[in-house]
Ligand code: PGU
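Let's start with one chain on its own, the form predicted alone, as structure tokens.
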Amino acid sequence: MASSTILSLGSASPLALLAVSENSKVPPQKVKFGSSGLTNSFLKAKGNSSLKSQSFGRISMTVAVNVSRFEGVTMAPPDPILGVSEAFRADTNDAKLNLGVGAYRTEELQPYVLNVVKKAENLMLERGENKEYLPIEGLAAFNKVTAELLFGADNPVIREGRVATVQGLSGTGSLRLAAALIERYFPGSKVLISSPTWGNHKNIFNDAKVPWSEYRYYDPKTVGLDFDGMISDIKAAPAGSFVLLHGCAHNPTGIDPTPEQWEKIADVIQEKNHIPFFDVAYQGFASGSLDADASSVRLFAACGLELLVAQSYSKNLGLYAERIGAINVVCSSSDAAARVKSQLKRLARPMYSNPPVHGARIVANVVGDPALFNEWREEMELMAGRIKNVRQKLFDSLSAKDKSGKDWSFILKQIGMFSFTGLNKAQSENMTNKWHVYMTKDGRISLAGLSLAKCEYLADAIIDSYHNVS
């Protein structure tokens, strides 16, 4: 029986074995090994492995291929919102429009950094501020001004120290931290979420193991608010549920309750002993007024309700990548607020330890300085005004081009950076496949990604998709 020689394939790669028959008389230097095959196949004495054998003339190779311990991990589906941007970038058509992600763009459809943000960053450089760790609860100056911005500096909940404020990782991280608080201290309590809602809300509560159900919100017949359905579902929920509300510029519909409807919602929540939980992502960016956009939250606080409010500065200060926001918990006493804050810190510590400092300092500088604050309000009014102009132009274009008599006025009744077009999934797919307009499949478009010059093109796409796709 012929003996065989065992060759090692190099100490730098995983161990693989090659058995070469000595009868082949092939000199070792004539046997070449490519870098792609054998270096990725290796034999382990233990573990999941299988043998593969292949012959090349009189040279026989036997290689053990290790099976990954992660074979059971499936490919996750693309994110329904962020995946839109990935598809948009791959499209080479010049007419393409990205109306999926809610990020402000200039009339030239370019990202915009606020001038007041640049000034705040220059101040930081001049002061030579360091990059030391923040406390778990975040930057004290940020926590102070963000709570005052939300509730008003003279609000009794601020004066009496009844707000527990912890800096979070923008709106998403703040919501997640609040969800962890609910799961730990209100076990079994359900969160009521509007139908429809921002795509990540359900993910956040699922991940935190907090049960949720939906309440009616959008009425497809009127492309407006199903107020009666909303009130009925809130009343029917188990007492002590958390009711997730959008403080202003409801995402994705752009449909907000009227001031009178907000009062009714507050009354029903109070009657049912529910806990309101606001998501405020667009303060000042929806209407152009910081006070008007916080009026719903302030109304509930004035009713004496304990409540949670998640904040984000991604939109109104354009700090998308800085991940800056906060979770605020309004309590009935300062003592309760201190205890809640201590537990929020306890939850944050193993989750992310402490928050980033750069964005927090920007907010503290802008909101805390009267001159910069006034400049910020002016810039916000300009951004909100551009979106209002685009909204009006889109309505005008639809009304002029659509000869069917359809009423498109719901577009003007909506508010904020989004418009809920009423298009279904098939119609939304036609918008993308035929017209290269990238949007979420629920029919939501981001007007912040639209320019006045593109409104007529978008109107053509919407009319075609609405009338010609069932």
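Not measured: the values here are computed from a predicted model. Throughout, we count residues from 1 along the sequence that is shown.
Separately, the form predicted in complex with this ligand exists; it is not shown, and the next lines address it.
In summary, the region of this chain contacting this ligand in the predicted complex, judged by heavy atoms within 4.5 Å and restricted to 126-134, 362-370, 327-335, 244-252, corresponds to 244-252.
Distance criterion of 4.5 Å from any heavy atom to this ligand in the predicted complex singles out 101 from the list 87, 101, 292, 140.
Exactly one listed residue, out of 73, 239, 113, 82, brings a non-hydrogen atom to within 4.5 Å of this ligand in the predicted complex: 82. Residue contact check for residue 198: one or more of its heavy atoms lie within 4.5 Å of this ligand in the predicted complex. Residue contact with this ligand in the predicted complex: residue 175 places a heavy atom within 4.5 Å of it. Contact check for residue 105: every heavy atom lies farther than 4.5 Å from this ligand in the predicted complex. Among residues of the shown chain, residue 323 is one whose heavy atoms approach this ligand to within 4.5 Å in the predicted complex. Taking this ligand as positioned in the predicted complex, the residues of 266-294 that bring a heavy atom within 4.5 Å of it are, in sequence order, 279, 281, 282.
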